[in-house]
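As a starting point, one isolated chain is supplied in structure tokens, in the form predicted on its own.
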Amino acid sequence: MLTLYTPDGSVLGHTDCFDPALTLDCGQAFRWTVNEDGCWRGIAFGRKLGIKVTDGGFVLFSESKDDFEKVWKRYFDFDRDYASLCKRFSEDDYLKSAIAMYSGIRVLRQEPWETLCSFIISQNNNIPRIKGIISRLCEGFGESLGGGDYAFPSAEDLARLDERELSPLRCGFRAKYIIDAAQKTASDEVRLDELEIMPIEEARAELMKIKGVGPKVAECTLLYGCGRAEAFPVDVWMKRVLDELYPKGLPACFDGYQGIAQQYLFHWRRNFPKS
């Protein structure tokens, strides 16, 4: 990746296989919005960021010039060679077609607790409603960052609440799961900080100690929050992909990177359900 640091602390960057709109609006993160000027704005790890596409790449606007190296390089997975990965994936004709249309997707490396909580909220839900619940959660219980923005509340803060205190979120049955997840995370009954290094089956079992966390939420947490590229979330769209295109199993070019491969296929099938 090529980067240039400007005097005001913003970062000019260029890298293959990165489209902010595709990456930030493909169902893996829920705290990003786009302004009329085409600038995406969001909050992660308690920091604000603006990101805009330019003729030569993109520009990141953050509050500190150190944030890129400390937070955003890892968050956007910029150290991974997606061009080589896409070349490998293109050994499979279906995935080659998906990449040809959506090569700008990258899998984010989000904060594990926020990812877990967000995908608990996502169950039997649609993206606008998920974003609304998460926004109310942050406004109600997160630390103020100024300008009407809020950090995602910590597990420790939410663990002190009960279900009734989450009623303003209008999250329904998910309230009891959020509280259970917060309590088990805050007490280290569920060891989120070790999920990146645990054997994958152990990590899945660790997450499913939480009420309401099944295989899909566990896989999403591992992929989008822990950088486990081998995690493979399966929802209704991916079930169709597997049944229609891969009834005999996934091809070898997916091995070790199943989660990244599924993100291309998920977006492709969701936008072209009859292709």
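Here the structure is a predicted model, which is why all the values come from computation and not from measurement. Counting begins at 1, following the sequence as shown.
In what follows, reference is made to the form predicted in complex with the DNA, a form of this protein that is not presented.
*For the chain shown here without its partner, which stretch in 37-45, 242-250, 205-213, 50-58 has non-hydrogen atoms within 4.5 angstroms of the DNA in the model of the complex?*
Of the stretches listed, the one contacting the partner is 205-213.
*Answer with yes or no whether residue 144 is in contact with the DNA in the model of the complex, where contact means some heavy atom within 4.5 Å.*
No, residue 144 is distant from the partner.
*Tell me, yes or no, whether residue 26 is in contact with the DNA in the model of the complex, where a contact means a heavy atom of each within 4.5 Å.*
Yes, contact at 4.5 Å.
*According to a 4.5 angstroms non-hydrogen atom cut-off, is residue 84 in contact with the DNA in the model of the complex?*
Judged by the heavy-atom cut-off of 4.5 Å, residue 84 is well away from the DNA in the model of the complex.
*Just to confirm, residue 122 within 4.5 Å of the DNA in the model of the complex by heavy atoms?*
Looking in the model of the complex, residue contacts with the DNA include residue 122, since a heavy atom lies within 4.5 Å.
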